[in-house]
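Listed next as structure tokens is one chain, alone, in the form predicted on its own.
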């Protein structure tokens, strides 16, 4: 009932050949996901179909190997990206939607556009307007704080590739931060994680994100002070006759 590696058996003092080969394959898939190219052009096109016009930005990370070795650089906007965002910042907005490569560009390529497609109608239904859409390269979660602060957003939602595991290389996460500004901690964010084909589906993930967005804006808080209580609302919604 679980993909966890338990009760694998043994062959002498080692693992059975099949278990060892499976482990090696999954490890290779995880490494490939980390080092996969970030398909910015494809993502831009997919978001464009949804009516979004994303602006492209980058962190201070020069190359992928630096991204892995220097997490701090992934939390800071490059100077040209900061200037670009400042040129777009006019009035304050409800929400900035950021799609970032993170530790699994593969996850972003497979799931981000689908989650966004299911999320946007729910936000519209809740009366929440997406002020800006941003595609961020070389990004860590905290990069959203600087982006949101520059764009004067009340709330940031970042869809980002999560660290690949040995059972799932393509897991997407969604991080929500109210009143984003440089220096926010992870305790001040909400996370909807494990979005992938064998985990949380796009429909359920979008519903949870939309619920958290609505409650975050109403209560003016995210993080440990905002608990995900969307399950009852989802059950009630699914129970409604079509």
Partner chain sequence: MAYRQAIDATSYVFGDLRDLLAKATPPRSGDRLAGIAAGCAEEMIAARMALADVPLQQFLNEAVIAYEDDEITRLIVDSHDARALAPVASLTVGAFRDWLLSDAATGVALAELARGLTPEMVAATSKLMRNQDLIQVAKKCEVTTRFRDTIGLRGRMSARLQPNHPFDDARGITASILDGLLLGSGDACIGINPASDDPAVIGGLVRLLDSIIARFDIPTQSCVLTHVTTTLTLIEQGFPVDLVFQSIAGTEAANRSFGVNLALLREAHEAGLSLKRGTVGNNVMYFETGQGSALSANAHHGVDQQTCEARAYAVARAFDPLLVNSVVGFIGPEYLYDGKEIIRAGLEDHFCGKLLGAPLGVDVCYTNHAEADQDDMDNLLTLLAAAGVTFIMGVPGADDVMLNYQSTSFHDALYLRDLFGLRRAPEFDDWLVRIGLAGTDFRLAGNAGQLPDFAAKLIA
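Numbering follows the first chain given and starts at 1. Take the two forms, find the largest set of C-alpha atoms that superpose within 1.5 Å, and that set is the rigid core. A quick note: this is a predicted structure, and the numbers were derived from the prediction, not measured.
Missing here is the form predicted in complex with its partner chain; even so, the following discussion is about that form.
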Inset, instruction - Choose from 62 to 70, 202 to 210, 42 to 50, 185 to 193 the stretch whose residues reach within 4.5 Å of its partner chain in the predicted complex, heavy atoms counted. - result: 62 to 70
Inset, instruction - Just give me the single entry in 133, 103, 113, 122 that has a non-hydrogen atom within 4.5 angstroms of its partner chain in the predicted complex. - result: 103
Inset, instruction - Please run the contact check for residue 17 against its partner chain in the predicted complex: heavy atoms, 4.5 angstroms, yes or no? - result: no
Inset, instruction - Examine residue 235 and determine whether its closest non-hydrogen atom to its partner chain in the predicted complex is within 4.5 angstroms. - result: no
Inset, instruction - Indicate whether residue 164 is a 4.5 Å heavy atom neighbour of its partner chain in the predicted complex. - result: yes
Inset, instruction - Decide whether residue 34 counts as a contact residue for its partner chain in the predicted complex under a heavy atom distance cut-off of 4.5 Å. - result: yes
Inset, instruction - Classify residue 15 as shifted (yes) or not shifted (no) between this form and the one not shown, where shifted means its C-alpha moves by 2 Å or more with the rigid core superposed. - result: yes
